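As a starting point, one isolated chain is supplied in structure tokens, in the form predicted alone.
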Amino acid sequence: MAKGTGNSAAEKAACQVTLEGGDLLVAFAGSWRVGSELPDAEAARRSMRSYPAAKALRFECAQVTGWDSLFLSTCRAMLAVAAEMKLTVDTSGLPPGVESLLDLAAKVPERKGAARTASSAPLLERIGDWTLTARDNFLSLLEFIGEVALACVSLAKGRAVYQRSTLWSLIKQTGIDAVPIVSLISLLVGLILAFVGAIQLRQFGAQIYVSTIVGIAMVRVMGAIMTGIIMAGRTGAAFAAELGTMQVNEEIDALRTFGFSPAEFLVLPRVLALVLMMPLLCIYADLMGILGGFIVGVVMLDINPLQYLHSTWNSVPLANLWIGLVHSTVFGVLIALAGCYRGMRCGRSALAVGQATTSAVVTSILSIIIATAIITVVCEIIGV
């Protein structure tokens, strides 16, 4: 039993749970408004569970002087307990309007991801839930990759349905619009590599080899990695946010209704744009990184400009350029797929869009690191 106590019954809320003829009777009284003194709702729910033999739940609200959303929340909590106990519910005793509002709340469930709830489940149960979620996510990823693969097959056959104007717009977005940030970051990376190398090489009078360090590092892997990380945070996140917002607005469902494949219409142009632009951005990043090393070598180490450029040209094998281009192409595919996948599988709320954007960036960067490790091992095995 849970009751309110105090001096003014009109201003205090009270809730009493009793068993009458096999039915649970919940009697409300007082004011159930914001600012009123409320009874312990958890005690009322415990009182309901203390009558396991009950068959039905009834309400009595003749003494209720006023109510608002707090009263609705309490009633919903008690209805949840009744559903748990498998009781027959009679809501005719509730105040006018409450019954219809409770029916409406039951018919419109809370959107997934609209609120955060703290989990108090046992550790093993949480591990089991995480395992099942990981399995479902893996199967969902395989399904998405299959859809994209079929879209690529349709493209090869000339049957893919997408807007060419959208493709050109995406090429501009992922290529030309990214040049300023790629220029800045690559130039700074080249400066840092040259400066760190110069500190050590100066001790041995081997400053000229700064050009070798910067050239090989930028062309072989650093240019591709830095470009990939920039595009993951810039373009991959944008893809996830765009498609996630379309998912929230049910635009993707509308495409399916009209017979369009979202993988062809939305994902394929984004993958093509990024795969086409990443190698070009990688080459540009290589040049900007070498320029950064050139600035340090000429200004700080007093190396002759022509000598620096000649040393760079002779010390960087052409194979390193191809390895860098392979890196960048793979990174383009991974970033596009990660961004589109997170956006297409986004929940239907603003919170879910933010989570999808964050997940896209994290997934892209993690994929870049793993892919770099794999490609490096393969190159070592084949002796490149």
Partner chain sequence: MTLQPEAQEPAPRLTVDHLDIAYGDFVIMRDLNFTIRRGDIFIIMGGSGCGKSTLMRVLVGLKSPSGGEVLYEEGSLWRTDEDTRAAILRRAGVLFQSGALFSSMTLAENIALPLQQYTRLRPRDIREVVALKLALVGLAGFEDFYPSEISGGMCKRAGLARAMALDPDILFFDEPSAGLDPVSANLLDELILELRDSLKATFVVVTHELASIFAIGNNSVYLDVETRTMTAHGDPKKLLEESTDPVLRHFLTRGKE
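Note that the coordinates shown come from a computational prediction; the quantities given were computed from them, not determined experimentally. Positions refer to the first chain, counted from 1.
Just so it is clear, the following notes concern the form predicted together with its partner chain, a form of the same protein that is not shown.
- Among residues of the shown chain, T257 is one whose heavy atoms approach its partner chain to within 4.5 Å in the predicted bound form.
- Taking non-hydrogen atoms only, L141 never approaches its partner chain to within 4.5 angstroms in the predicted bound form.
- Among residues of the shown chain, R45 is not one whose heavy atoms approach its partner chain to within 4.5 Å in the predicted bound form.
- In the predicted bound form, no heavy atom of V179 sits within 4.5 Å of its partner chain.
- A heavy atom within 4.5 Å of its partner chain in the predicted bound form is found for exactly one of T91, N249, T133, N314: N249.
- Only one of Q163, N304, S73, S100 lies close to its partner chain in the predicted bound form, with a heavy atom inside 4.5 Å, and it is Q163.
- Only one segment in the set 207-215, 294-302, 187-195, 260-268 has any non-hydrogen atom within 4.5 angstroms of its partner chain in the predicted bound form, and it is 260-268.
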